[in-house]
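As structure tokens, one chain now follows by itself in the form predicted on its own.
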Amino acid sequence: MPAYYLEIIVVVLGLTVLMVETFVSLRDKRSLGWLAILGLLVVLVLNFTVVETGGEGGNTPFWSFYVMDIPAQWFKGLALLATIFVILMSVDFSRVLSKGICPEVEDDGVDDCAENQVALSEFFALPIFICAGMMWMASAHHLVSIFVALETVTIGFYVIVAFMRRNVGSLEAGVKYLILGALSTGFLVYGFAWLFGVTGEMELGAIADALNAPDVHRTGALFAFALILIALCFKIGAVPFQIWIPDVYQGAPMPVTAFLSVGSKAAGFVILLRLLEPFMASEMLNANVTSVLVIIAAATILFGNLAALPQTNFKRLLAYSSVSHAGFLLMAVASAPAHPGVVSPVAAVSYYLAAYLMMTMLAFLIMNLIRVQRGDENLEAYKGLAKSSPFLAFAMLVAMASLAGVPLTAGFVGKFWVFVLALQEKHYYLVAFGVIGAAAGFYYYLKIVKSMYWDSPADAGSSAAVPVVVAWPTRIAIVLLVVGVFYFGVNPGALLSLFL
């Protein structure tokens, strides 16, 4: 099957979800979420059967901007998995979502919004369209296709971040994300214009050849790199363009925050790796590009981890945690070896993103249940969780341990390969910042574990003392993620073998 069929199927799936809700009378609209999950699982299986296109050419002129290689196939799989988990979270979150869209109680005293499950089909369909955009980004090999795919993702996020229009926090998050996102898009387009002006090319392979030419305009190429990097630092949440992350993560609906944390970051790094490759391959530009990336990576690791220390809102804490993990990923990108080493930056970033998906989605699945059933996003809601819901407490323990980098977890292996790359390239100062950041991470991740296992709810009769109900699909997803965190932590070769 041609690779580009995958995106076509995903778009058709999104349209089907919308059409079913329009033309079929459903008593429970959450069934649309299960339809979406089933469809995405089918596409995930098909992702392993597609035909690779090893260059810039597709099978038809329409797909000439499309490339399907192993990294593209890998990132498409990550996008599909992230979307599946987000829609699963959305099913649990549906009642809170409906109440955030229209007034809680109508004039007749009946809670029509929650009962009618207002706007659920749109909320299930939008992540599917965003997923299609992320899959296009993974295969984009031309400045035009990169821009179109990136904006498909970004515009979709603009909508779902502000989806709960009766919630002030959601609206504030949407406005901030829209304004800063539009600004970053301007930088990206201007950078592309400069890059085209310097090289006369728009396809990445031809751009790499042009940047290696001895007569390339060095200053113009570096200016194009700076503009593109500013835009992409916004997309991945790197310092100093991370200011939107805490407020947007806190204000957005819980499933959307999870999607931003994992899906948006993965998509941003796909494009970052594609666009930086021509600059890193240029002997004239490599030293300058690497120096800038090292500085940004160090600042991002330090800021993200230190800013997370005093946080009491769990979503805000994970927002700063997301910044710190962007720093570790940049650490791998900045340590691209001049000669092939133990592991390539693409393999290290790919493994890290897979580990980050597992441990972050695990944390958000549990946070989503706490938010829906206890109505609280602060750390106070997790006090004594080990007594009221030991299964969820253990799963959260695994997630926090992996995020912190405890050995035998996938998060530890991801950080290990990043440090190996940095040491291999003798970026000792960057390694020092990484060690400081990782040490700070242990404190704020494990204080959540302390709260669950050692603290008790302030009020024994409060909702924090009531067991949390876990539906069987969510329970299965949590078990699979826990197993994945341990399995790929003990046997990382199962993933790394795809890239080595």
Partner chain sequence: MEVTLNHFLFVSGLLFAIGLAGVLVRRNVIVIFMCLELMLSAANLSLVAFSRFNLTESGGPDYNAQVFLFFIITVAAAEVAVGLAIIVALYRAKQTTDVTQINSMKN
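As the structure is a prediction and not an experimental result, all values here were calculated from the model. Positions refer to the first chain, counted from 1.
Another form exists, predicted in complex with its partner chain; not displayed. Remarks below refer to it.
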Residue 173 within 4.5 Å of its partner chain in the predicted complex, heavy atoms: yes
Non-hydrogen atom contact residue 419 with its partner chain in the predicted complex at 4.5 angstroms: no
Residue 357: touches its partner chain in the predicted complex, heavy atom cutoff 4.5 angstroms: no
4.5 Å heavy atom contact, residue 364 to its partner chain in the predicted complex: no
Which of 392-400, 84-92, 279-287, 243-251 sits within 4.5 Å of its partner chain in the predicted complex, heavy atom basis: 243-251
One residue of 409, 311, 368, 264 in contact with its partner chain, assessed in the predicted complex (non-hydrogen atom, 4.5 angstroms): 311
Contact residue in the predicted complex, from 185, 373, 344, 424 (heavy atom within 4.5 Å of its partner chain): 185
Its partner chain in the predicted complex - contacting residues of 201-226, heavy atom within 4.5 Å: 202
